[in-house]
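In structure tokens, the next block holds one chain alone, the form predicted on its own.
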Amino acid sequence: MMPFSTGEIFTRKFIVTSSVYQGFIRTFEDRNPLHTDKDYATSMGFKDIVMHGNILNGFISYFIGECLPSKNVIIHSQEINFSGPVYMGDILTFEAKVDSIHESVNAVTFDFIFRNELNKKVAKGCFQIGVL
């Protein structure tokens, strides 16, 4: 039996900490000036350095692997669209809603959204998991 139901909503808060930011740079060595140089970022119209968008993908991975009611899952696909900057210290609310269930192939598709503490959407997308 599938451990999810269509329309079910899951939420989680994530904080973009210095540790997360520094860990991302250490691991992936992405030192693009938009992400590391405040003067450059502000000259491009941002209020501060912009966090790497793929930090949000890490939050999604954590959510799928650690927060869903079943640990017997694997990511099949993931799509994310960014619509606003994320800054150090931002508290993000992540909401994932079960869009569809495909019992014949043990797959579940979710739509998700990230909002900052001002309730502004910063990213949205979808992912599909397989239930093992």
Partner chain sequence: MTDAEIILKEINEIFIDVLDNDAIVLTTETTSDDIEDWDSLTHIQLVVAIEKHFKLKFTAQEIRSWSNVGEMIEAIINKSKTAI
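Residue numbers count along the first chain shown, from 1. Since the model is a prediction, treat every value here as computed from it, not as a measurement.
One more form of this protein, predicted in complex with the partner chain, exists but is not displayed; see below.
Glu95 near the partner chain in the predicted bound form, any heavy atom under 4.5 Å? Residue-level check for Glu95: no, no contact with the partner chain.
Taking 4.5 angstroms as the cut-off for heavy atoms, does Asp90 touch the partner chain in the predicted bound form? No.
Test of understanding: in the predicted bound form, would Thr109 fall inside 4.5 Å of the partner chain by heavy atoms? Judged by the heavy-atom cut-off of 4.5 Å, Thr109 is in contact with the partner chain in the predicted bound form.
His76 within 4.5 Å of the partner chain in the predicted bound form, heavy atoms: Close contact exists here: in the predicted bound form, His76 approaches the partner chain to within 4.5 Å, heavy atoms only.
Interface stretch in the predicted bound form with the partner chain - options 95-103, 62-70, 80-88, 49-57, non-hydrogen atom within 4.5 Å: Heavy atoms within 4.5 Å of the partner chain in the predicted bound form occur in 95-103.
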